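Single chain ahead, written as structure tokens, the form predicted alone.
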């Protein structure tokens, strides 16, 4: 009997995995329900807790690395291997129902190239976290204050195939850089849906005390700003107003 012709999946859901056995099966199950034509790509890296076996038994495409890569590099690798026209990015430690993920796919289907989580982080505090400030500052520099703190730094988010080709999968390893490239090159970047990842995945206080990710993520934003300057000018493409600098030179 002849096999039915192979068809590429429409949606690729990319999930970096490192020691996430507690939530992984549920995350992959919800990911598979996002669209009738979906491939789930699990990028299992540095896992020693049985996550690899869970990923393989789920039916996902599994990419295996014996050392930790970091979530962002895992996403970049998954994107490079993805076959879908819509790429949806989630994390293995947050169980998000398929019903909350589908709006990101729908946004891309409707013409959005980069569908962001409409999550700006906690801003109504006396002391605002440095990462939250960095996200707002980068969007302001990009001329997109309407995005507030929404960014490719936060999942879930989705990309069109056009966006992936414009940004390039290597840039996804530094999410603020990929975000800057997307906006600067005129892709349609929009906030698609609010998913309160701060509530779903609360701050790991113990980890933050000994190995905070804040300096890393702020450094990523500085890299994005450096790229923006290199591709515009010293003011990131912003005008100098009525200032006449030549008068004091």
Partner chain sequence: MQHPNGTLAELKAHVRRQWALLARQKLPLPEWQLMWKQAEAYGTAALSGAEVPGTFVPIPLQGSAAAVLAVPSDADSYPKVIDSLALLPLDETIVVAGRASEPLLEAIRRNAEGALIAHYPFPLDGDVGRALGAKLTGADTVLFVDAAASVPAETLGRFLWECDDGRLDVALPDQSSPKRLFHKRPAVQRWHELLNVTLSRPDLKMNTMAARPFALSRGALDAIGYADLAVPVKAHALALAKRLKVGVAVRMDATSPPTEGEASRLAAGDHIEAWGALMPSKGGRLGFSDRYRDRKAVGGVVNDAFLDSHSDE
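What you see is a predicted model; the values in this text were computed from it and never measured. Residue numbers count along the first chain shown, from 1.
From this point on, the text means the form predicted in complex with its partner chain, which you will not see here.
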Is residue 236 near its partner chain? Define near as a heavy atom within 4.5 Å, in the model of the complex.
yes
My question is simply whether residue 21 lines the interface with its partner chain in the model of the complex - judged by any non-hydrogen atom within 4.5 Å.
no
Although its partner chain is absent from this view, report whether residue 219 comes within 4.5 Å of it in the model of the complex, heavy atoms only.
yes
Is residue 227 close enough to touch its partner chain in the model of the complex, meaning at least one heavy atom pair within 4.5 Å?
yes
Contact residue in the model of the complex, from 83, 95, 106, 173 (heavy atom within 4.5 Å of its partner chain)
173
Want to guess which of 97 to 105, 156 to 164, 110 to 118, 72 to 80 is within 4.5 Å of its partner chain in the model of the complex, heavy atoms only?
72 to 80
Where, within 123 to 149, is there a heavy atom within 4.5 Å of its partner chain in the model of the complex? Residue list please.
123, 124, 125, 126, 127, 128, 133, 134, 136, 137, 140, 141
